[in-house]
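The chain below stands alone and is given as structure tokens, in the form predicted on its own.
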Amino acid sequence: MSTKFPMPTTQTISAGQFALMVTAAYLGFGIFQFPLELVKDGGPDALYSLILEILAAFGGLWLLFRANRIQPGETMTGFSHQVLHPMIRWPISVITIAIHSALGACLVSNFGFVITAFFLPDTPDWVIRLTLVTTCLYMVWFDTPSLARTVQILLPMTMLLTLLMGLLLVPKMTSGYAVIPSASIHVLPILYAAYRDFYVFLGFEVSVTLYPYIRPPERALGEKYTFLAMGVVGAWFIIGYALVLGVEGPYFMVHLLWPPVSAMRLINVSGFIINKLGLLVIVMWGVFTLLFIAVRIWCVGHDVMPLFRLTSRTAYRLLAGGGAVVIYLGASLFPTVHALVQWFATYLLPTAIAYIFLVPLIVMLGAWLTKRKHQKSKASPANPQSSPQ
């Protein structure tokens, strides 16, 4: 029988903090491009695609929680060593860590392009990327409870302020008719648009790493809160879809790199001390970016540690620092935002979606086979086969 891999730390977080950390791990990723792919590929059926991808996100999260319940005290890279063959568990572990790093690198690169385009055109890209990654590394340096409290304070406040300021766009919705979905449903465009836009939910697979750090009596509550938070985010995206599409219109929006950024720049409150109030929203979205990257760095450290049975705080910090370096170097590989989008759509998007929906099934199947094998081994001495007459 395989031995149990120790958890890297004994620090725990509450159910609410877990839900917010999982939410922070996906909310900031697609906010700058949303809902570009929906409108491009879904056309008048884009709203149906958005609803479909929200439901798919709920299904993927449910699968991940089912896998976590197999061994709730360990991360995916920890308990997979007990239920899967080495030829399967090592690739899954490597892919888990690679997805964390790649998602972090993509967002660092993307946000760097946004900052360069709208705020600091003369600042070298490497300075912006280094500042982002270093700040995130500091956020995770003091480990789980400290990061959880930071997320708990910043995430709800930033979401609420974004929503309130976004509502100032309502008077500018000159293309509100475009929000109304088509009466004729076209299945293939709806499915393709939901697939292409699913990047706005990529990241909640961090639940497989965060789950063992919930206080044991609150794990079931943590699942409920995470589903509730995903419902709130889904409604938040629907509102954002209506605002951005209604303000910019479908024909103009598809030619923009960052549609919500362009829409928010139109916010202007007469008599307010700041002329372009909408630019503050873009700065606030930097909070989403920082939290997203910080959770990624945390996950890299805590997913590598079980592979080598490391438990010390020093090991965690070294691995987190290594993860930050990998994310920074990965972000430096994309010379333009177009190269980033193409690479992401070709490689990372299908890989991450396959991970979310296939890996839990593989782990659950491996756990079932392992349990059945143990049951047979226990039953065989008690019920020896009778010798032939």
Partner chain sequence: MKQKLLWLVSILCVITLVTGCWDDRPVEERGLVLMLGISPSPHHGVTLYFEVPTSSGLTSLTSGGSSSSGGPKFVIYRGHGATFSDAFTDAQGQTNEDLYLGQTQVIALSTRLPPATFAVIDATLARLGPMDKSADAVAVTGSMAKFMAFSPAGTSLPGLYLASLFACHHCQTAQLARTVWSREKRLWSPTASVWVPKISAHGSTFNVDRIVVYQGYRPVLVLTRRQTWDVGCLLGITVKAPLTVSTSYGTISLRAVRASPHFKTKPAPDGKILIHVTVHLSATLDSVPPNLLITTPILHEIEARADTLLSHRLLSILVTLQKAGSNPLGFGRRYVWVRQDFSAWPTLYRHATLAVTAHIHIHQLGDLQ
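Positions refer to the first chain, counted from 1. Note that the coordinates shown come from a computational prediction; the quantities given were computed from them, not determined experimentally.
Below, we turn to the form predicted together with the partner chain, even though it does not appear here.
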Check each of Y195, F227, W90, F142 and return the one that places a heavy atom within 4.5 angstroms of the partner chain in the predicted complex. F142
Here the chain is shown alone; which of E248, E223, E74, D303 has a heavy atom within 4.5 Å of the partner chain in the predicted complex? E248
Heavy atom of H255 within 4.5 Å of the partner chain in the predicted complex: yes
With the partner left out of view, is Q82 within 4.5 angstroms of the partner chain in the predicted complex by any non-hydrogen atom? no
Indicate whether L340 is a 4.5 Å heavy atom neighbour of the partner chain in the predicted complex. no
T311: heavy atom within 4.5 Å of the partner chain in the predicted complex? no
Where, among 98-106, 211-219, 168-176, 196-204, do residues come within 4.5 Å of the partner chain in the predicted complex by heavy atom distance? 168-176
For the partner chain, considered in the predicted complex: do all three of V39, V127 and T134 come within 4.5 Å of it, counting heavy atoms only? yes
Which of the residues spanning 34-58 lie within 4.5 Å of the partner chain in the predicted complex, based on heavy atoms? V39, G43, P44
